[in-house]
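Shown here is one chain on its own, the form predicted on its own, set out as structure tokens.
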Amino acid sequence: MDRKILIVGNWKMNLNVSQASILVHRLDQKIKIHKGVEMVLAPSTLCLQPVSMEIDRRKFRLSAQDAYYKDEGAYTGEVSFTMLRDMVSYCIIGHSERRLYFNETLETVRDKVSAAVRNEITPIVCIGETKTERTAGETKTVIHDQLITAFANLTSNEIENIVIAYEPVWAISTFGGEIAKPNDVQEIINFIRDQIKHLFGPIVAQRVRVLYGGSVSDQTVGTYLNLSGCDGALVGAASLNCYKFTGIIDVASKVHQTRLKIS
């Protein structure tokens, strides 16, 4: 299936408004429009609006890093999906840092996924096991539980537009940054699609987009993008470096061109 490679840059809690503006300017100067690559930037909530006014929308789309699952109400300090729906195309949900540092449960992730879909924002649902879970041989059980719960309230038609990001926690630079072996990543990508097939059917399993994330850089991204069934990458630290992120986009474009030749 010929579709764009999706590259998402998660800036996490970095850059103030001025710094974010400078990075966007540098990225716009260095990155060309690639027909085969969809480029998404995920700045902090504070920076979303000013960045939305600055980006070239022919090149970039925006993603929120998180939002609250209630549409409105007395929830001091929170930002809802309803508030974001006219500004962003995507929202990262269930990132391991949210699960760990902010105690987000499977049910919280489920409710956020439902809220995103309800507000016509595409969820980028992060799943992945910790090093302890991996060592105990619980990887597939963890992935299964995360998938089952996250999509419990969605229909097959809604699932088709979901993005799933496999981010093994032990491979994220914050938590050790081990380089995941391609064979291990391939096994989990296949497992994810098998689970979606079991739950929603083979057509949906083929159409849903699956990304890889975990210390992705311009040096390693090609290895993961060339895996069967990998539709892109969720990039952390490297997305804050205009040279590295540009390199990642260039690699993604070359991989897409190769796919076109093969097909």
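All of these numbers come straight from a predicted model, not from anything done at the bench. Numbers for residues come from their place in the sequence shown, where the first is 1.
Note that the form predicted in complex with 2-phosphoglycolic acid (PGA) isn't included here; everything after this is about it.
In the predicted bound form, at least one heavy atom of G236 sits within 4.5 Å of a heavy atom of 2-phosphoglycolic acid (PGA). In the predicted bound form, 2-phosphoglycolic acid (PGA) lies within 4.5 Å of some heavy atom of K12. 2-phosphoglycolic acid (PGA) is not shown here, and in the predicted bound form it never comes within 4.5 Å of any heavy atom of I188. Within 4.5 Å of any heavy atom of 2-phosphoglycolic acid (PGA) in the predicted bound form lies no heavy atom of E129.
Heavy atoms within 4.5 Å of 2-phosphoglycolic acid (PGA) in the predicted bound form are found in exactly one of 54-62, 215-223, 190-198, 40-48, that being 215-223. Of the candidates V113, I162, C91, I172, I172 is the one whose heavy atoms come within 4.5 Å of 2-phosphoglycolic acid (PGA) in the predicted bound form; the others do not. Shown without its partner, the chain has H95, E97 in segment 95-127 as residues with a non-hydrogen atom within 4.5 angstroms of 2-phosphoglycolic acid (PGA) in the predicted bound form.
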